[in-house]
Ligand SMILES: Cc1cc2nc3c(=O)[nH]c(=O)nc-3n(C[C@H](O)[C@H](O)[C@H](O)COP(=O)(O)OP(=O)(O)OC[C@H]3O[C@@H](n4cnc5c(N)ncnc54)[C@H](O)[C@@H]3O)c2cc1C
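Only one chain is given next, in structure tokens, and it is the form predicted on its own.
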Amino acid sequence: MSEQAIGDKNFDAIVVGAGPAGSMAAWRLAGLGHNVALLERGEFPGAKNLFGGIIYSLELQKYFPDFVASAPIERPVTRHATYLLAQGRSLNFDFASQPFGEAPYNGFTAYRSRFDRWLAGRAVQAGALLVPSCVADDLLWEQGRVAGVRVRREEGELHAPLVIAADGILSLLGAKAGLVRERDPSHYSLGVREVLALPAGTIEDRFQIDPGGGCAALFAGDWPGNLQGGGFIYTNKETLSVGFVAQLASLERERFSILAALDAFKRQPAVARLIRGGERLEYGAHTVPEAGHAMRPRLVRDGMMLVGDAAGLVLTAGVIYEGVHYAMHSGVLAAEVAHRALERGDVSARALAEYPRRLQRGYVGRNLKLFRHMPPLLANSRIYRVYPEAMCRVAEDFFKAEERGHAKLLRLLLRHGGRIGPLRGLKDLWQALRALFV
């Protein structure tokens, strides 16, 4: 996609970032009759995005009922598998759903480079002006309110009474507007992902899925370097997205390379069997927000709104990782509130405050609050170093034939959980119950 001439430098709204949040905001505003510029720093939407995960179809079903026929879907996810790994042992928990494979699907895998381009195309069809290869370096101000952006192009300055920042996890514009607080490294992880080519039939055999179905596999274990994190494999049509995510604090503390962590993960026997023979096509690294509810910034100020990852709208709950449809939801909500504000000619923080209120009342706000105790649980090092090994040892002894006979599970749990200690074990149990059940 070549550079788009901007022409008129005055807009009703400027959306910075053509990811899912930005494209949905631009699509909705343009559809409501506003003159919208959608700026994208990459050569095309999705060019700068790295993704290994599931896109849930909740928002797509609502706004684009035809998406199954037109969106670049790889595989609907019909199987969720969780593996506990420890020194040549593995214990896995499995859930498969035939209804998840029926259109319009619960969720699916996709390449963001293709999906984001498709979604931005919907915004263009609605009337938004997509401007690729356009970096917004700074905000413009008038009488203390945001009034546009300064871009790294010949046009220099673009003016609008409203700027919607969808510029990602480390939102530069959000920081310049004073909306994003000082960043805490403990709130972030670093993920690395590579794409491995494998025939479709091989993928389906190894991951126990029907033709056309897909699998999301997550892995927990005691990793080299005492890293706190986990691995993942997501199936595409003829490729696998394989990666590892580690908390930044543990990478810095242990002085361990994320690439070395990925290599060690791939050497785990349970993982090596799944990816054997895969040819690497690409790889990259990406910062991941982990703190959820605790890291939410302020979302509005005079003339400005934050959406998507810039607003901290990512749910990390162990075996649940959601973000893309949260971003889409926030983009639509922001656009609808912005529409009313622009119609009234009042884009003050007070007029825009309905956006965070609606976000909090909806499923995104409820989910982030519901799982707000999950990040502290995932910061517990025993989740990675102790419990996976203990569970694998329990399973091994339960299935092992010995002259002294079998032991019942409670005895095995006490035997292998002994190194944890009763008080510490009870504290961890309460932490897990509060995060997942209470």
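If you're wondering where the values come from, they're calculated on a predicted model, not measured in any experiment. Quick note: we count residues from 1 along the sequence shown, nothing fancier.
Same protein, other form: the form predicted in complex with the named molecule, not shown, and the subject of what follows.
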#### Entry: Partner contact for L29 in the predicted complex: the named molecule, 4.5 angstroms, heavy atom
no
### Query
Given that the partner is absent here, does P388 sit within 4.5 Å of the named molecule in the predicted complex, heavy atoms only?
no
### Partner proximity in the predicted complex: N49 to the named molecule, non-hydrogen atom cutoff 4.5 Å
yes
### Message
Test of understanding: in the predicted complex, would I54 fall inside 4.5 Å of the named molecule by heavy atoms?
### Response
yes
#### Entry: Which of 281-289, 253-261, 335-343, 67-75 lines the interface with the named molecule in the predicted complex (heavy atom within 4.5 Å)
281-289
### Summary
the named molecule in the predicted complex has a heavy atom of only one listed residue within 4.5 Å, and of L84, I209, V124, V314 that residue is V314
### Of G214, G221, G303, G323, the one that lies within 4.5 Å of the named molecule in the predicted complex (heavy atoms)
G323
### Query
Candidate spot E59, G174 and L359, all three in 4.5 Å heavy atom range of the named molecule in the predicted complex?
no
#### Entry: Residues in 123-137 with any heavy atom within 4.5 Å of the named molecule in the predicted complex
C134, V135, A136
